[in-house]
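Shown next as structure tokens: one chain only, the form predicted alone.
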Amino acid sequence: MHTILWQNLERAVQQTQLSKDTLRLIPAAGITLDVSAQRWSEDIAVAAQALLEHHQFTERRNALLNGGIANPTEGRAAWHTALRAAAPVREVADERRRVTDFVRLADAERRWRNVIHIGIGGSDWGVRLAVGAFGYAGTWRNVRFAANIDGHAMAGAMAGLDPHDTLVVIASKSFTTSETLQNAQRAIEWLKGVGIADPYQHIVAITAKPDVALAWGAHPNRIFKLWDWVGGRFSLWSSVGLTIALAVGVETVAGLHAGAAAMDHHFAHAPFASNAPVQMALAGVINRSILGYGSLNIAPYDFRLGYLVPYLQQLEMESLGKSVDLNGNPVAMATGPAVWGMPGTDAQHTFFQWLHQGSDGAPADFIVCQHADHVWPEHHTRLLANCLAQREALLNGKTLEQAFEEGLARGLTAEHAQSLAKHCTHPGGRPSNLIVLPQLSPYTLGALLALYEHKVFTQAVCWNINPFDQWGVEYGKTLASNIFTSLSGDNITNKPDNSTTYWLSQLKK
């Protein structure tokens, strides 16, 4: 790691304090990013740009956006932006058309009143997010999800549905994901159990390995293609969106694509100082690697974005949970933060106490819609007030003198007010972003998700890590296979630790 560049950035950050008088607004693809509550100065800008240039940000961005090798450890592209382009390459356009035709025919015939979507991780969270955001009040199709290997997930997904009018969508890039295939097998048994002669007519397979899906039993005209260059956590933009189209319409999918494509264009062409993903990323790098914040809170002030937090958890933590650089050398500073949160105002009654007065604190991303889609304006006004107030409190804090004066104003004695004031102070100075959508639409949600994608990519460039592999996940899968063998009654060759050995013997009973 080039310490001089980092030392320059660290020095500039330490010489800059959060200012209450700053206003830094960055419009991008129809949404507005307010980074006023982040540390920034001309010196920071110069040092940060030097760091990005040293790590060949422009060249790596071009590779990302144009199908070059963006994932060096696996030797492949990470070309998810191609999936939402207005004029995509032919193979993407053809597959997009096949999905649209399938959904429109099903809609015209009023078929598949029930849909069970089986996938996990990137094949699940994005679909849940979009269906929750735009179908939160219900749709004419009943959409259920099964991701977990826990049998209760699949049992709950099938409960009460008519198998004769149920479509099962199986989304797995490799078509070897154990959780997905186990749940898919339960669906086949369920369909056969009611006398459906060809249960595979009720199955749609979405995969980068169509030959594997075909060998499994899926019909060729019910197999939709992914590509090897689509990372799982970016598969929302692919044929995996078929379930979204069935639930809330092909127009919704088109809107998501359009908004994301607009953010792609902004990321590719906006100058450094007014590039929303870049500026958001630099704030995140400063907060994590220099100021030492270990986590990032996501606070969407919109009930419909309930699944945004787990979606971003996967995007950020699977991408940035790395401790070696592109050359395999240890990274000299802290990389990706833990990501957590829930929608406001529920969050205020759950963990905002820790955000405001806890010893560690965390930066927060506040996300809000300027306009609501319901008919109760006072509800939305109160929601907006809560969002802005919590952000203001994190930034400005409350001094001991302010708390003391408030106590006196409430009629407390001076002694009581002085004692209580120590418990009511807020340190303030805690960074945050505010992201304002005009309203929640497919276009603005698409732009929002692409904003985070490109932010994560830019952070990875700063840390010189690969955000597109996930080797850390694989080791546990291998161990699980061995342990499953043991729990099923066979001996395993490797010797586990004492605790694992004990529980193998206990659980086999």
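In this text, residue numbers run from 1 along the sequence as written. Keep in mind that this is a model prediction, so the values were computed, not measured.
The following text describes the form predicted together with a small molecule, which does not appear among the structures shown.
Although the small molecule is omitted here, in the predicted bound form none of G30, H269 and A447 has a heavy atom within 4.5 Å of it. The stretch in contact with the small molecule in the predicted bound form, judged by heavy atoms within 4.5 Å, is 314 to 322, chosen from 281 to 289, 422 to 430, 314 to 322, 334 to 342. With the partner omitted from this view, the residue of R233, H257, R391, H80 that lies near the small molecule in the predicted bound form is R233 [heavy atom within 4.5 Å].
Of the candidates Q38, N464, Q470, T458, Q470 is the one whose heavy atoms come within 4.5 Å of the small molecule in the predicted bound form; the others do not.
Taking the partner from the other structure, the small molecule in the predicted bound form has no heavy atom within 4.5 Å of any heavy atom of L242.
In the predicted bound form, S174 approaches the small molecule with a heavy atom inside 4.5 Å. Though the partner is left out of this view, E59 does not reach within 4.5 Å of the small molecule in the predicted bound form, counting heavy atoms only.
Proximity of V127 to the small molecule in the predicted bound form falls outside the 4.5 Å heavy atom cutoff.
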